[in-house]
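One chain follows as C-alpha cells, the form predicted on its own.
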C-alpha cells in the first residue's frame, strides 16, 4: 500500500542563503588547518594539547659532538613523553656554505612548527631564511640574538664555565703532578674562531687560570675545521714542545687527536660541556657539564604551552643549574690530588653562589 504522503523538501528560495554560505566557507577554508600556505608559511605557536613538529637542525654531525647529541636527545625524549610531538633530526654536515640553502629547503616544506638548533652562527642564517618564510619560528641554544620576532635564543654563560675550568687547569699546571712542568703554560685548541669563543670562552679560561697563578700564559691554536684529528694531534705536539702541560679544547671530533697526543706525550686535559673522563683516565682530569638536554625539554614544554617568547635572548649559567662540573666521576676523584680538589670545589661553590666577581665581556 502506497503512502499518499509526499516527501518534504525545503523550499528552494528559503534554502539558498544557507547553501551559499556553506559553499563560501568550503571554498575559502585552508586546505589543511594550521598547515603550510603559499611560500611554506608555518603554524603559529602551538597551545597546550596541540600537535608539535620539531626540526632539530644539526650544523655539523651528531657523532663526536656532545652538545648536538644532547640537543637531539632532549627533543626525542620530549617527543617520547608527548604523543602529539614529532621530531626530525637533520645533520647538515660540515660545509657551512650549504647550511642556509639546506635550511631554506626544509622550511619551504611547511612541515615544521619550529626549527631547533645550537650554534652561535645559526641566528644570522635563520634571519635570512625567515625573510622567505615569515611564519617559521627558530629556537637556538648556545647563541645570542635579540629583536627578531621569529627567533628565540638561549646563551650559556660559557665565560663562567671557562672561568672555573681555567682555574682547575691553573691549579694543575702549577702543581707537582707527574706531567706538570715549571713553564706555567696552558693550551687551548679550537676548531674554528667565532665571537663566543674569542670573547667569552678563551678569555674566561685564561682569567680563571690567572686566579690560580697570575704568571700563567695561554697558547691558543686553531685547527680550521671540526673533524681533522690529525691536525689537532700535530698542534698538540707542537704546543707540548713549547711547554704546555694542560689543554682545553672546543674542537668536536677533532679533539680525538688531542687526546691521543696527550696520552702519548704526557699532558692533561679539561673538557667543556660533557663527560670525557673515560676517553683517557688519568689524563682528562676535569669535565664541565652543559645541561643541554634539560634546557631543550624545558623549551619544548614552553613551546607546546604557548609560553615561548620570540625576539628575546636569555642567558643561563651555573647559578641557574644549566652549567656544572662532573665531580662524582673516578676520572676526577681518583686522579686529581685532594688539595687541588678542595680548592677547586670551593671555587665552584663560590661561582654557583655568585661570590666570584667578574665582568662578562661583550660579544
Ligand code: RBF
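Predicted model, so just to flag it, every value in this text is computed and none were measured. Residue numbers count along the first chain shown, from 1.
The following text describes the form predicted in complex with the named molecule, which does not appear among the structures shown.
Undergrad: Report the stretch among 281-289, 96-104, 75-83, 207-215 that approaches the named molecule in the predicted bound form to within 4.5 Å, counting heavy atoms only.
TA: Partner-contacting stretch among the options: 96-104.
Undergrad: Can residue 121 be called a contact residue for the named molecule in the predicted bound form at 4.5 Å between heavy atoms?
TA: Contact check for residue 121: yes, within 4.5 Å of the named molecule in the predicted bound form.
Undergrad: Residue-level question: is residue 252 within 4.5 Å of the named molecule in the predicted bound form, judged on heavy atoms?
TA: Output for residue 252 is yes: heavy atoms within 4.5 Å of the named molecule.
Undergrad: Mark residue 273 yes when one of its heavy atoms lies within 4.5 Å of a heavy atom of the named molecule in the predicted bound form, and no otherwise.
TA: So residue 273 counts as contacting the named molecule.
Undergrad: With the partner left out of view, is residue 136 within 4.5 angstroms of the named molecule in the predicted bound form by any non-hydrogen atom?
TA: Contact check for residue 136: no, nothing within 4.5 Å of the named molecule in the predicted bound form.
Undergrad: Could you tell me which one of 261, 153, 173, 158 places a heavy atom within 4.5 Å of the named molecule in the predicted bound form?
TA: The residue in contact is 158.
Undergrad: Identify, from the list 226, 90, 220, 145, the residue with a heavy atom within 4.5 Å of the named molecule in the predicted bound form.
TA: Partner contact (heavy atom, 4.5 Å) among the options: 226.
Undergrad: Is the named molecule in the predicted bound form near all of 59, 192 and 201, within 4.5 Å of a heavy atom of each?
TA: Yes, the whole trio is in contact, each within 4.5 Å by some heavy atom.
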